[in-house]
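Take a look at this single chain, the form predicted on its own, given in structure tokens.
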Amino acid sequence: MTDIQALTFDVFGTVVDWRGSIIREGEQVWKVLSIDVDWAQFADDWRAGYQPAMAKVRSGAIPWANIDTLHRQILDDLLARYHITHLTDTQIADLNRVWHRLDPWSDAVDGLNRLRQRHIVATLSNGNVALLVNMAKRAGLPWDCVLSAELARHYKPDPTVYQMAADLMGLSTGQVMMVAAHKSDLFAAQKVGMKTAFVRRPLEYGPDGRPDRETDPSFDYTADSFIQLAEQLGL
């Protein structure tokens, strides 16, 4: 695999713990503002709207909108469903930006620093650029490049997104390896010629969740952390 020049990373769930982060902030910050809900369920409900919202964009049912906009639409519906009516517009906007403040998995920063010794490391997320930059700044994620589906105005798993990443880095798709905790992301990357690395994140959906656990023989690498992936790559 000496021809791999860049590693592109799915972010939500692969690099950062979205569920645990929302639960922690909800219980530590938003309960003070009288949002006394089951924050684990609230996080799950918020995330459950993610794929359906993107599907509306993909189908043309609604015009292009970035993830911040889609998260806000889902949040507005959730607040109504949970009968939360006392927040100001400023507070709702700040709550929506919790997705900019997600904490990395414990191995992420050290693993990325090891991997970037030899490779370009870049995001390749459905999250918008502002979200990814703010997240990286807060969490110390050492990206060489921030790439987003927003730049292609299509959402993964559209092949346009993966091809765009390679093109913007001046590489062929065969010189790029997609790293993700979600097999569907990796299968889509393979279709445009990318290499693939599956990194298990067994707690992405909490202790009772059902993340992808079983690898696929078509993946080039399988690891339980970014540190282990770096070791497999000789770093």
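Start at 1 and count along the sequence shown; that's the residue number. Computed from a prediction, not measured in an experiment: that's the story for all the values here.
Here the subject shifts to the form predicted together with a further copy of the same chain, a form of this protein not shown in this document.
- Taking the partner from the other structure, a further copy of the same chain in the predicted bound form has no heavy atom within 4.5 Å of any heavy atom of G209.
- Looking at N96, you'd find every heavy atom of it more than 4.5 angstroms from a further copy of the same chain in the predicted bound form.
- Though the partner is left out of this view, A65 does not reach within 4.5 Å of a further copy of the same chain in the predicted bound form, counting heavy atoms only.
- Contact annotation: V146 falls within 4.5 Å of a further copy of the same chain in the predicted bound form, judged by heavy atom distances.
- Of the listed positions (Q91, Q163, Q73, N134), a single one reaches within 4.5 angstroms of a further copy of the same chain by any non-hydrogen atom in the predicted bound form, namely N134.
- Of the listed positions (V109, L87, L78, V129), a single one reaches within 4.5 angstroms of a further copy of the same chain by any non-hydrogen atom in the predicted bound form, namely V129.
- Stretch 115 to 123 is the contacting one of 115 to 123, 79 to 87, 101 to 109, 154 to 162, since its residues have non-hydrogen atoms within 4.5 Å of a further copy of the same chain in the predicted bound form.
- Residues E150, L151, L168, M169, G170 are the ones in 149 to 184 with at least one heavy atom within 4.5 Å of a further copy of the same chain in the predicted bound form, listed in sequence order.
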